[in-house]
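Take a look at this single chain, the form predicted on its own, given in structure tokens.
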Amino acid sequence: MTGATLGVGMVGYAFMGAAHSQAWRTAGRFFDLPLQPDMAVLCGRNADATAAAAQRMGWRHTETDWKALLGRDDVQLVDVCTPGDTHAEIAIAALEAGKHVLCEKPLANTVDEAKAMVAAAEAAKAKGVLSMVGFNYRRVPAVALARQLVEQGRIGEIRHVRAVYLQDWIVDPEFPLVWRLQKDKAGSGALGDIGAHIVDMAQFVTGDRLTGVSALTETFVKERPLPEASSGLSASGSSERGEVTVDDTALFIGRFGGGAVASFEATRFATGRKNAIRLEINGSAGSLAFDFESMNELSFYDGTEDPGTAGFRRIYVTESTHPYVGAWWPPGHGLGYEHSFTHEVVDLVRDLAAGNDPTPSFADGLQVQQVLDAVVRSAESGSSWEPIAGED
């Protein structure tokens, strides 16, 4: 890093690339940062499309080869927003080139890839080069507040965790076979794409980790039209068809190290649900509930109150004392999906400037990958109980 800037080079410019661009563009304008993000270079395979995206989203220069990005002096951090099959190669090469790395979730497509990324991250850390995996929902203010309340002991000993992530964007059997439906590119389907989020969120809020799972998965539509063109989560199909090689839904139960039991559901076949994320935690002294469709709210039940008047309390998480909120608007003026990415960038930049290990780390990303791997193994073996590697 030179002076008071952090030169950022981003690989990929579709859905996540747009969200990350918004974050890099906004963070230093609302938060007091020790380093000002400089949107130096955007990288994509198609020169014309990359140039158009760079102009639209605010990047100064472009590259069509991510390896060229690593040799640039104006890039100190590489932001990886590509499909999962390229995460390991790009992130490891960037770390070895002395670049800090922000990598979208899930960290990798396999446990072995994730382990290689963690090894590279540990070696780079010894040289002052840091890394983080992007689980953005941790940075929703209501979720961060839930974590604080758990840390303060407000709900007591945790006994139950329920987490669901529901979407419906592939309900139509004629929706094309985009990369997210191909195992060689995505690693898994609903499990890795959205299930990873609720695994991380549940572990983050509880401050505990899953030790074992029992699961089942299903692919409802086995074949789909091959895509002619795609953008984000929309696409058009051709007359030819190909095999869907990932799960459409994953359901599993689990147990946390502290003794709590849990249930998880991730599906892209919940007709009518666009991006419904719900987390409820029941403890010995209270409960917390979060629903992303009301993302500025957190429900809190205080079990120590008089039963005659006790009830779930709606906390509208827009006060300046709430996590992240003080940099934004007056109380009552809610935030949106994009703000979670801005908060992610803010935390990362502050950690880089201070030399602190950013969280969630690549090691955290590996642990989530190990949970996903246990889910797959359980589903393949008839819902057997599968321990999480390193957590038994």
Ligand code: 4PW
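One rule holds for the numbers: they count along the sequence shown, beginning at 1. Keep in mind it's a predicted model, so treat the numbers as computed, not measured.
One more form of this protein, predicted together with this ligand, exists but is not displayed; see below.
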Partner-facing stretch of 299 to 307, 281 to 289, 162 to 170, 243 to 251, counted where any non-hydrogen atom is within 4.5 angstroms of this ligand in the predicted complex = 162 to 170
Tell me, yes or no, whether Glu113 is in contact with this ligand in the predicted complex, where a contact means a heavy atom of each within 4.5 Å.
-> no
Taking 4.5 angstroms as the cut-off for heavy atoms, does Asp200 touch this ligand in the predicted complex?
-> no
Counting only non-hydrogen atoms and a 4.5 angstroms cut-off, does Gln148 reach this ligand in the predicted complex?
-> no
Hey, in the predicted complex, does Phe204 get a heavy atom within 4.5 angstroms of this ligand?
-> no
Which residue among Arg224, His100, Lys105, Arg138 has a heavy atom within 4.5 angstroms of this ligand in the predicted complex?
-> Lys105
Option touching this ligand, based on a heavy atom within 4.5 Å in the predicted complex, out of Ile194, Ile158, Cys81, Leu177 = Ile194
Could you list which residues of 324 to 340 come within 4.5 Å of this ligand in the predicted complex, counting heavy atoms only?
-> Tyr337
